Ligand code: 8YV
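One chain comes next, on its own, written as structure tokens: the form predicted on its own.
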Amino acid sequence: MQKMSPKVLVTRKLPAAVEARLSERYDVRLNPDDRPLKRAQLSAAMAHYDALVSTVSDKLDASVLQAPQRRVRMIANVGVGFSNIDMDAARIVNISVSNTPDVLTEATADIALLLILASTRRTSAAETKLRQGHWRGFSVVDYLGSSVQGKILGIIGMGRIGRATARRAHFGLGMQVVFYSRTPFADPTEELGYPARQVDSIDALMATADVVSVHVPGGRAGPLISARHIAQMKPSGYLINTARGDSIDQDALVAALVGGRIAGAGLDVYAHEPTVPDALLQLDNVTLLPHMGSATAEVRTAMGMLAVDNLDGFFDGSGPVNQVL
């Protein structure tokens, strides 16, 4: 008797090459419309599939993971983060979870650098003025931004993407680097390959840096970057986030921007995606992107292929390549 292929649900549309590979190997249900699945649909899927290929947009909490007559044994998350999954609940019901690190490091660091430059040079506000037909020609004093050469970049979370961002900023823009990391570095300059100074607290970093770039996972009980931290930033400071929206107290950030207590921000992620607060949309001192840190054709394909590698490893018994649970 021919062995049945595992049933796999893909929650969002993936690059064509990835979907073709999945279709060859599995009894797969794709999502050609790319519409996010509702909680009820995710809960129902738990009883009908052996595995899910999910993304950060899928909120897989305890009520979903512990659905009656659960069949799912594996979740291959497409993304380096997995804060969308209740890991404690997955552990209780013995669901394996994997992610797709490394392949998106350089692309996400590129977007972090883009946001550093766009926010400090006020390009979003200037482009809006031009597109709306309000530009009246060259001005010596209009839309003046801030130079970053010689300024201090503070990195919160010196993992793969934090390191890549700092490297670009140091060698490409001439910025000084300070960073906060839970992992102690014996000799940061030696280990990183460029001059960098580690500080022992987020408080110290916020008060020191001219530009703060966040590279930590979300999914905590509360934001790592609190209202108190934001209040310690320089009035001339900028806050960049390409990590997770819930890593930062978004309300406190909005208040600081509206009140002019910091100079600006560059955001690729938000606390309640796809909802973006109206207050942020109205501000001209913030650059906003729609969660596109890894959005290149090459990277998104590589992420999808790595998710399939993880599925293959789980079902052939060798284990997922990037197992996080």
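Start at 1 and count along the sequence shown; that's the residue number. Fair warning: this is a prediction, and the values are worked out from it, not measured in the lab.
The form predicted in complex with 2-keto-D-gluconic acid exists for this protein as well; it is not shown, and the discussion that follows is about that form.
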task: Heavy atom within 4.5 Å of 2-keto-D-gluconic acid in the predicted bound form: which of Val18, Leu311, Val10, Met303 fits that? Just give me the one.
output: Met303
- request: Work out which of Val72, Met206, Val97, Val80 lies within 4.5 Å of 2-keto-D-gluconic acid in the predicted bound form, going by heavy atoms.
  value: Val80
message: Looking at 52-60, 275-283, 34-42, 259-267, which stretch has residues with any non-hydrogen atom within 4.5 Å of 2-keto-D-gluconic acid in the predicted bound form?
response: 52-60
- prompt: According to a 4.5 angstroms non-hydrogen atom cut-off, is Arg163 in contact with 2-keto-D-gluconic acid in the predicted bound form?
  reply: no
message: Please tell me whether any heavy atom belonging to Leu104 falls inside 4.5 Å of a heavy atom of 2-keto-D-gluconic acid, as the geometry stands in the predicted bound form.
response: yes
message: With a cut-off of 4.5 Å between heavy atoms, is Arg244 one of the residues that contacts 2-keto-D-gluconic acid in the predicted bound form?
response: yes
Contact test in the predicted bound form: Thr287 vs 2-keto-D-gluconic acid, heavy atoms, 4.5 Å: no
query: Can you name the residues of 278-294 that have a heavy atom within 4.5 Å of 2-keto-D-gluconic acid in the predicted bound form?
result: His291, Ser294
